[in-house]
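We begin with a single chain expressed as structure tokens, specifically the form predicted alone.
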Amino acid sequence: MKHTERELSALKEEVSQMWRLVISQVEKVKQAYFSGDVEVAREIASREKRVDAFELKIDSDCENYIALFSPVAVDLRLVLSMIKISSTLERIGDFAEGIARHVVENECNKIDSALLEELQMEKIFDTLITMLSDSYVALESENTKLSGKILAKDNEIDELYNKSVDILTSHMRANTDFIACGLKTFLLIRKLERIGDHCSNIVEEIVFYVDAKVLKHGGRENAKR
């Protein structure tokens, strides 16, 4: 194996490790949210520093690789994609930490189970975990056939987010003592919706690296078909 190939392989492994950590963060924050487990939530907050450290290390390694080897074509696309993917994973980690703080503050944690079911909170969490896991597989296998499926799941998240506005509004009107918690719950769902957006951004970067195609704007609609 050439020296440059070893460097690229090491870089991809760093991103893979960061990715697995972020998936674990989202899985744990789902557990903490539904169980109200403050200790798990605190663990998520403490592990966020590891996510941040990964991003800084990957940024530095990518910059060094470009400076040393002046990559072109697929190698350059890979390095540029790794920079953007690590940055996006760090943002997802931030949102997971934000949801964990919601649990640690112990406010609005005992929401009526019927309301949680109507909001389809468990489905939102599970869909996001699937998006993150499928994107990870797409990068590891360098197979972009999953891209349309992942982007379609982001549409599902958007629909659930939009429905949550009316559901929470109706519930707050009927239960005025729930208004503060209702607003906080909406902000939490907004964080989850943003994780979905970031997963889609990651998919775009994988397709750019593997297929040399740009899915931003109009190109994304073609990938969903």
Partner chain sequence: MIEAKNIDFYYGDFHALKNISMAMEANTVTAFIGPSGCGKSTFLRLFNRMNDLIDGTRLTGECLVDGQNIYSKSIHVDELRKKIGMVFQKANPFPKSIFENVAYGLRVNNMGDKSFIRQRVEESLAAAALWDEVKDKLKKSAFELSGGQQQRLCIARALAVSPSILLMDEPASALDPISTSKIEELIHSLKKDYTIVIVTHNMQQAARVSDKTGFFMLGDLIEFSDTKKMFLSPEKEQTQNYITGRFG
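Note that the coordinates shown come from a computational prediction; the quantities given were computed from them, not determined experimentally. Numbering follows the first chain given and starts at 1.
From this point on, the text means the form predicted in complex with the partner chain, which you will not see here.
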### Query
Looking at Val104, Leu146, Ile129, Val74, which is the one with a non-hydrogen atom within 4.5 Å of the partner chain in the predicted bound form?
Val74
### Query
Counting only non-hydrogen atoms and a 4.5 angstroms cut-off, does Phe208 reach the partner chain in the predicted bound form?
yes
### Query
Taking heavy atoms and a 4.5 Å cut-off, does His3 contact the partner chain in the predicted bound form?
no
### Query
Is Asn64 close to the partner chain in the predicted bound form, meaning a heavy atom pair under 4.5 Å apart or at it?
no
### Task
Answer with yes or no whether Ala212 is in contact with the partner chain in the predicted bound form, where contact means some heavy atom within 4.5 Å.
yes
### Message
Among the candidate stretches 168-176, 189-197, 39-47, 64-72, which one is within 4.5 Å of the partner chain in the predicted bound form when only heavy atoms are counted?
### Response
64-72
### Query
Taking the partner chain in the predicted bound form, which residues of 20-35 have any heavy atom within 4.5 Å of it?
none
